[in-house]
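One chain comes next, on its own, written out as structure tokens in the form predicted on its own.
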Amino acid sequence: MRILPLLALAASVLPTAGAFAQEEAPADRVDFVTQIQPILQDHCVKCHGTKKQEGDLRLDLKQHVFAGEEDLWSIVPGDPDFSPVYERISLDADDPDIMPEDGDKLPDEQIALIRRWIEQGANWPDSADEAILAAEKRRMEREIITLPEISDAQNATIEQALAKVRETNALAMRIAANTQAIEVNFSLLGTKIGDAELETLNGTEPALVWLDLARTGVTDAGLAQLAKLSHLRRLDLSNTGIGDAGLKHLAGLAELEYLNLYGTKVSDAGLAALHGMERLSKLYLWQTAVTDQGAAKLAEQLPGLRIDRGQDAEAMLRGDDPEPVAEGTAPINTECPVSGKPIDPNAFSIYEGQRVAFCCNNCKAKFDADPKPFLAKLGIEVAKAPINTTCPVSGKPIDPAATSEYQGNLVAFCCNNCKAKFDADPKPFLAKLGIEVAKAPINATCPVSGKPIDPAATSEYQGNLVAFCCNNCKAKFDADPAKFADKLAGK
């Protein structure tokens, strides 16, 4: 057995998938993002990722997997039998060199899927890495947030408040497993959220650090309820109807670092409420009534503040005509995430502090109404909410910090003990989550050819899952199942 080291970060030119791929119908092609990357993330990157690189091997990013000399690659496009990663995952379960080293051997269907992906050229799109890097950046940002000690009584009150927040269908969770800091996101609910829903935040004061109210129906009067959120670091009020009167309620938020007022009614008069926010470092004022003079005055009060108005900041303070988008505020994309056409830099929106451009204002309007369907094209990770509110193991209320991924869903538990029981064997708990238990094929050999089966080629027959060696045999069986039924007898 040989473990090939990877030359991390060395530049290389990757072969195209077509150079190695067999002739297959598009429907048969394995998709890296939806089929392969989840396997790597769930089973491999714990030991071969950012924090650990056992055997000098990394499997989290394309640049590491295909780095340096081709002879040293851990995955060889087109040749699974010469790919050390495939060799290791396909060993017998009791072999000391099997991967993953901890836990059970990968299911046969996942091993077969990885083999097919490698045979087809091991296509690994750059956009997949961009999403992972963006998520890692956000994770690192979350890890540095510290809060004063929170008592058990305060924790109980926080959990009660978060339960009320979730009743509105808003996203509410701890921002990382190693902190008690909490984020609440109402933005995806739009104008269904108003001042009344802000009352659900009562009780979250010791832990709430990120709050997203973009595109909601909150008013100036409603923002009075935010004055108690003394630990708030990020606040997004973009595309709401708030104005100068609303900003007065934010004056006491001494720890606020990020404030997005894009598309609001704020003017120079309202900025006076921000003069004492010494920790404020990013402020977005695009499409507001704020003037050059008002922005310049605030910049004098807060020298460390970056004010982004969609134009060259130095030119703004000089009073010159605005220049094109300054470096650092350029769109993050070159293609419209809605239509796929080239962008018009003048048609843009702000999403989580980043400029997203579109080909036209119609596409901008579609994005503003519901950004979620288009985020993947921008390499922006969509935060998942747990699919359950009670622990499938114990039946108790969930702790959003104790979660597992299962079949693309986020499942939460009351504690890490229940999480461990679920991870060891999810099947007994799936019914409580409304998840259908996947069937296994009843046969090990193809009833048409007698060859070993490919778990990806299956048909339903009399309530059973029947597998075949290839899609040609599947088609023959589907045309006349009775002809082959005797070969399934006793299976």
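Numbering starts at 1 and follows the sequence shown. Quick caveat, the model's predicted, so the values are computed rather than measured.
Although not depicted, the form predicted together with heme C is the subject of the following passage.
- In summary, the region of this chain contacting heme C in the predicted bound form, judged by heavy atoms within 4.5 Å and restricted to 37-45, 421-429, 62-70, 456-464, corresponds to 37-45.
- Interface membership of residue 57, defined by any non-hydrogen atom within 4.5 Å of heme C in the predicted bound form, is confirmed.
- With a 4.5 Å cutoff on heavy atoms, residue 100 counts as touching heme C in the predicted bound form.
- Residue contact with heme C in the predicted bound form: residue 88 places a heavy atom within 4.5 Å of it.
- When heme C is considered in the predicted bound form, residue 84 lines it closely, a heavy atom lying within 4.5 Å.
- Exactly one listed residue, out of 298, 181, 106, 280, brings a non-hydrogen atom to within 4.5 Å of heme C in the predicted bound form: 106.
- Contact residues in stretch 282-296 (any heavy atom within 4.5 Å of heme C, taken in the predicted bound form) are absent; none meets the cut-off.
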